[in-house]
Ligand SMILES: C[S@@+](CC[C@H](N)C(=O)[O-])C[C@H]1O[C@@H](n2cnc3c(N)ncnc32)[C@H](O)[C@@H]1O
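This document opens with one chain alone, in structure tokens, the form predicted alone.
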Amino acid sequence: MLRKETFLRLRDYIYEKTGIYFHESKMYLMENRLQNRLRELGLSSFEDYYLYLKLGNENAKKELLNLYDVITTNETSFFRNPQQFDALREIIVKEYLKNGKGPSFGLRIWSAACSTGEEPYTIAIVLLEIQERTKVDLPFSILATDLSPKVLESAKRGVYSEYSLRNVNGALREKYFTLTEEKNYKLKEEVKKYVRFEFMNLMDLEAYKAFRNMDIIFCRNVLIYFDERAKRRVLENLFKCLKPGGFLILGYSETLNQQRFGFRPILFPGTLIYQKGWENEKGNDS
């Protein structure tokens, strides 16, 4: 049984490492999610598990990655919240395909908290479809990151169930996927080659330095797991990672005070997108 005192210690430890905050009403959820880890490690109590994480050796560092897998939620699908991808199409055409030409510098997009890869692969499909429809060369690259090594490995494989493709029409399935003998869908290499997957903890402030000069950042359904302090730290760093004029796409239930963070909201049909201002950024790169 998970005692409240131990829950609070584990909760604070998880928050310190990941920014994910478990309210006391979620104590049962943490208990259920960690039961298998205790059995796997041969530990008899949650108190022992906490001490193992806090005071353990190199094996404890590896266990921290297992902890990330257990506590994160990875519910996603291709073209999830389609209005946001409609907005992406409009942004690409209006902002980056000017005068019938694509950007010579190459478009840089970051899918933060990419889970099993459906989001960044959807972005790639959208961009490939725009290229085909407009007949304009649109060089782009997509960086996809997540806290969970397990879901990153799954994303790299690029094999998905019917359920993950429930919002993908038959024409796109035929074009970009191959049906396997197991009745799953394997993404074709022509899409996969545009996406690079890396481990990243959004609470690791040093890690953001590798993700600067982004044109568009997707960070959907992540901030809902953070408290206000952690949310503020993440948003401030996402702001720094965007080029002036770049776009931030959050989840439907996630909003921000644009004055505080330097973004201006742009209303698209069915969704709200945030754009970084073009003002001088002096003093914002600390």
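Note that residue numbering begins at 1 and tracks the sequence as displayed. Keep in mind the model is a prediction, meaning the values are calculated, not measured.
Not pictured, yet referred to below: the form predicted in complex with the ligand.
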key: Candidate stretches 161-169, 124-132, 177-185, 108-116 - the one whose heavy atoms come within 4.5 Å of the ligand in the predicted complex   = 108-116
task = Look up in the predicted complex whether Y225 has a non-hydrogen atom within 4.5 angstroms of the ligand, and give yes or no.
result = yes
request  = Examine R89 and determine whether its closest non-hydrogen atom to the ligand in the predicted complex is within 4.5 angstroms.
outcome  = no
Proximity of N221 to the ligand in the predicted complex, heavy atoms at 4.5 Å = yes
task = Answer with yes or no whether I142 is in contact with the ligand in the predicted complex, where contact means some heavy atom within 4.5 Å.
result = no
Neighbours of the ligand in the predicted complex among 1-34 [non-hydrogen atom within 4.5 angstroms] = T18, I20
